[in-house]
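As a starting point, one isolated chain is supplied in structure tokens, in the form predicted on its own.
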Amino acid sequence: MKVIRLHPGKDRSLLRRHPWVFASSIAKGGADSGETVRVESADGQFLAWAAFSPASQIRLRVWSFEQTERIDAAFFAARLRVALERRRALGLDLTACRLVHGESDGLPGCIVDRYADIVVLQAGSAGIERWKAVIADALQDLLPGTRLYERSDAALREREGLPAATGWLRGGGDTLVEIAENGLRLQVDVATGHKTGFYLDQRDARARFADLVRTQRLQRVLNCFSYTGGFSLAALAGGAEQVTSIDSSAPALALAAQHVARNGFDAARTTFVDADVNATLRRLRDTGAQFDAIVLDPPKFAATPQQVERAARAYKDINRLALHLLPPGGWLFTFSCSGGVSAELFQKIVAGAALDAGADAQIVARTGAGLDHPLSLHFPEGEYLKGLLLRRS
């Protein structure tokens, strides 16, 4: 077993059970990509078993802090089994669910989502890549009757020195499936959809939004960065009379329109705009348009810490424009999925946007990812999704 020795004082994060070690903390030692290594303090004390990634600044990702634990096929099968049992215990519908949430489920870089009979694996670290076949076999054993598709095409693969990889790992056939969410029917294409096919992390927020539209009797709703219409369908289910969806992807909007028909809603209640969101918000502001509720669910604006300043400007701009379109009593449901933008920073950005818009608002609720996206106490970086539900004064 290869040994990685840390610099003096660089063991503090591991002693607090944080699962990452950066390259600058390593005094000596090396290994192949994804190889399991023994991590020791400067004085030779055992700290953890971890996967080594020679290309990444996150040089080590911890498998276990237990010295007696073996990192083998049984280890991965056990971690996967525990992750499934946690979600079953919460009463979650495992046919449309995140089954494994990386570090928070003890499998750094491993994402597993299920859509009907298709299980999607995303290997986002060198360690998961090395054990991918073992993980695939274990998933098939734990979830009989499912097919397994790989969507290891996120940008973080490049930082791990790994090429993108997509396609069937086990089984085959059509990649388009139907799932049920909050009483609605949605189609997901695991080969071409965003992330692993769909934004499962917003399921609870969409349910909250449907309730808001229903209880507050909101009639005019604007859904920005609408993708395939999840929040638009929630608004329609809540009783909104007119829902406008804006996205720069024509195929996504076409699927959103299909979702409207599939769920029996009147197409006359919907408008789909294939355009840039920022430009459209400016146009709507200039024409004096008003909405009872607006959803801002943009893609990740900051993929790395170096992009946070630019992302802050982008978040501020869209929130400022949206607030111009809300009358007093109007609602804004705004989100950031940028891990480098903390919840505190996001609130400051939105507060700055309100000042620039000459508006005031109260935070009615804060939201995040659903119960199938757990957050480890020792890994605050896992809290990537932040949402604020605001009511304009």
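Numbering starts at 1 and follows the sequence shown. Given the structure is predicted, the values throughout are model-derived calculations rather than measurements.
Although not depicted, the form predicted in complex with ligand SAH is the subject of the following passage.
Of the residues given (Tyr149, Phe272, Tyr115, Tyr227), Tyr227 alone sits with a heavy atom within 4.5 Å of ligand SAH in the predicted bound form. Just one of Asn263, Thr166, Thr95, Ser249 comes within 4.5 Å of ligand SAH in the predicted bound form, counting any heavy atom, and that one is Ser249. Proximity of Glu178 to ligand SAH in the predicted bound form: non-hydrogen atoms within 4.5 Å are absent; the residue sits far from the partner. Not displayed here, ligand SAH is approached by Pro298 to within 4.5 Å at the level of heavy atoms in the predicted bound form. Put simply, His194 is close to ligand SAH in the predicted bound form: some heavy atom of it is within 4.5 Å. Interface membership of Phe209, defined by any non-hydrogen atom within 4.5 Å of ligand SAH in the predicted bound form, is ruled out. Residue heavy atoms within 4.5 Å of ligand SAH in the predicted bound form occur in exactly one stretch of 115-123, 73-81, 102-110, 272-280, and that stretch is 272-280.
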